[in-house]
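Heads up, the chain below is alone and in the form predicted on its own; it's given as structure tokens.
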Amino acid sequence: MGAIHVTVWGENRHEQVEPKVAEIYPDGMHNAIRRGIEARLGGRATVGTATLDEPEHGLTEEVLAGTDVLTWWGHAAHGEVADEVVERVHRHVLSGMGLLVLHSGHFSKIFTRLMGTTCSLRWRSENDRELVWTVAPTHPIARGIPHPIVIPAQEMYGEQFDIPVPDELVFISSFTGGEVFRSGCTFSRGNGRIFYFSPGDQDFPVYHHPDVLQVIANGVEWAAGDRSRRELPAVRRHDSGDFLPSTAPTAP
């Protein structure tokens, strides 16, 4: 198949109103993430962006139909995301579109709906050091990732993280206060693959960190899954003995 088409969605509000954030990300976190994916996947991906204040948040039916993997970063304006857009994204995930939810996107409407839980956690924003430990070294998302990733400055996220038990736990993080957090988790919903990855607070240059960007790029390739299959699971009547024709060769 051709290149994976990625849409990087960003709330893009902190960058507009907070000078500190604008200094770190002068053209937005979404563009920092976009450049990181492009640099690591090269011709294996084409990457576009969309933001909250665009019409339909930039996530029209046409855009989502052409998106193999959607990345999502939100924080201050979860409530402003229109329910009809959430419904649209939800349908595409169940149909097979990959989804990467980043950092404070854990409280987004789309992630809480897909998880069916509060997705609440402990947090502390005091310039913590984060160590991201690989617990599934053979997982494709962990390919080429050091053990641990050292993030010198980051917001603390800690347990209890109210999510369903992940299909796979790829990373856990530890912080200076002794807290730990399930920072890299995979899930499947319908025909779609979901990867949650927590590093990435807006007050710190985490999306300039090469190892964090490598995890995101790996996550994009993993979440793309089988791009030839894009359909919503549906109820189908099935008669006894009604099977697809065998692809095995028949005897002469």
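One-based numbering along the sequence shown. Predicted, not measured: the structure shown is a model, and the values here were computed from it.
Not on display, but discussed next: the form predicted together with a further copy of the same chain.
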| property | result |
| --- | --- |
| Every residue of 159, 172 and 182 near a further copy of the same chain in the predicted bound form, heavy atom within 4.5 Å | yes |
| Partner-contacting position among 28, 58, 225, 36 - heavy atom within 4.5 Å of a further copy of the same chain in the predicted bound form | 225 |
| In the predicted bound form, segment of 46-54, 207-215, 182-190, 59-67 with a heavy atom within 4.5 Å of a further copy of the same chain | 182-190 |
| 4.5 angstroms heavy atom contact with a further copy of the same chain in the predicted bound form for residue 134 | yes |
| 4.5 angstroms heavy atom contact with a further copy of the same chain in the predicted bound form for residue 117 | yes |
| is_contact(residue 79, a further copy of the same chain) in the predicted bound form, heavy atom dist at most 4.5 Å | no |
| Heavy atom of residue 75 within 4.5 Å of a further copy of the same chain in the predicted bound form | yes |
| a further copy of the same chain in the predicted bound form - contacting residues of 196-215, heavy atom within 4.5 Å | none |
